[in-house]
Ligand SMILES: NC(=O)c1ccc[n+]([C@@H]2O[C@H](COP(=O)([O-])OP(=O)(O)OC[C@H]3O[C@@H](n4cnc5c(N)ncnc54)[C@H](OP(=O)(O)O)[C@@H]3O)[C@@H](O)[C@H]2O)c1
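As a starting point, one isolated chain is supplied in structure tokens, in the form predicted on its own.
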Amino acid sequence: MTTHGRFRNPVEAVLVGVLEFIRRKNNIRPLLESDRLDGRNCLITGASSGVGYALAVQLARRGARLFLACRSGIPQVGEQITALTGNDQIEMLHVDLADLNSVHQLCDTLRDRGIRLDVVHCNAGVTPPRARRTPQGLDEMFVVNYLATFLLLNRLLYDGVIPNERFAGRPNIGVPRPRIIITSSDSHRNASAIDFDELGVFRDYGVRGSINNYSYFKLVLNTFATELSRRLKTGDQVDVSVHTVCPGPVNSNIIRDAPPILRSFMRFIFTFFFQTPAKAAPPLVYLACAPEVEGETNVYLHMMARKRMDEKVYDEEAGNRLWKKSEEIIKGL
């Protein structure tokens, strides 16, 4: 089976993003100053730039204690956020999500220090211009955009760093429940069903393959998020909430590795038609602190609107197969 995503080339993806932004309809309330995170511990991956950085700034202003897991920008990013917000409860932690050993090291650090997380934002992502191998010999986009998130959340849950009954036998006391928020993309729609025989197999590709795989791996990511939400729920009781969000088109540095001519074109579109990271961050902030989503799970926001994901994401058999296949890939390394 040939796997493919929604778009055939970067230009098509950019133009669709612009149209979706123009047609957006909000159906959730705007954030209030009273939506606070005082006394809560929040982990954010990919917080050194773009939406992740804007998210960190906005959570810091709402009183959160932040653990920023980044590959670069240590300690400058944390110092800058403290200077902007006055919040000195910010700690930088190193992680390279392309290296699964680095993910394990981050999880070991959090576990050994006895840190308990109330909110985890899995925000990091990449769109490389061509296939690249990770230290474990896997495709970088597959690992950073999906498998590292699977490993990170499994470790945090099994280690009890995210308090939970289902994985660690360590329930959270009281409310609000811990929340996991996964940054994804509405580009997951119309991607092909998951090919479990090829999942994790390295395949060479260029720019067209990169944009094609990006939306496909977002379908994989959303399928995982839905399966995780099922596993963290018993009947009507939610152990840990799991939500997914597409912030919409964002003027970020995700195109930094694109070929020069394409990068120049896309930078023009990004600058004049896409949102700034600060304007794109509110739906991520909303899912972290809005009291009305307490007790819910598997909410999907496309910008500031609730909607359903691609129907393939809700297939329970596919979710279970994806979980087992992901465990097999990690154990086989």
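Just count from 1 along the sequence shown to find any residue number. Quick caveat: nothing in here was measured; it's all calculated off a predicted structure.
Not on display, but discussed next: the form predicted in complex with this ligand.
Q: Among Leu232, Ile181, Leu156, Cys246, which has at least one heavy atom within 4.5 Å of this ligand in the model of the complex?
A: Looking at Leu232, Ile181, Leu156, Cys246 one by one, just Cys246 meets the 4.5 Å heavy-atom criterion.
Q: Ok, Val161, Val95, Leu152, Val220: which has a heavy atom sitting within 4.5 Å of this ligand in the model of the complex?
A: When this ligand is considered in the model of the complex, the option within 4.5 Å is Val95.
Q: Partner absent here, but in the model of the complex, which of 168-176, 181-189, 109-117, 194-202 has residues with a heavy atom within 4.5 Å of this ligand?
A: Residues of 181-189 come within 4.5 Å of the partner.
Q: Does this ligand get within 4.5 angstroms of any non-hydrogen atom of Pro283 in the model of the complex?
A: Pro283: no, not in contact with this ligand in the model of the complex.
Q: Given that the partner is absent here, does Phe224 sit within 4.5 Å of this ligand in the model of the complex, heavy atoms only?
A: Phe224: no contact with this ligand in the model of the complex.
Q: Does any part of Asn41 reach within 4.5 Å of this ligand in the model of the complex? Heavy atoms only, please.
A: No, Asn41 sits far enough from this ligand in the model of the complex that none of its heavy atoms falls within 4.5 Å.
Q: Whether Val51 contacts this ligand in the model of the complex should be assessed with a 4.5 Å heavy atom distance threshold; does it?
A: Yes - in the model of the complex, heavy atoms of Val51 and this ligand come within 4.5 Å of each other.
Q: Taking this ligand in the model of the complex, which residues along 119-139 bring a heavy atom to within 4.5 Å of it?
A: In sequence order, Asn123, Ala124, Gly125, Val126 come within 4.5 Å of the partner.
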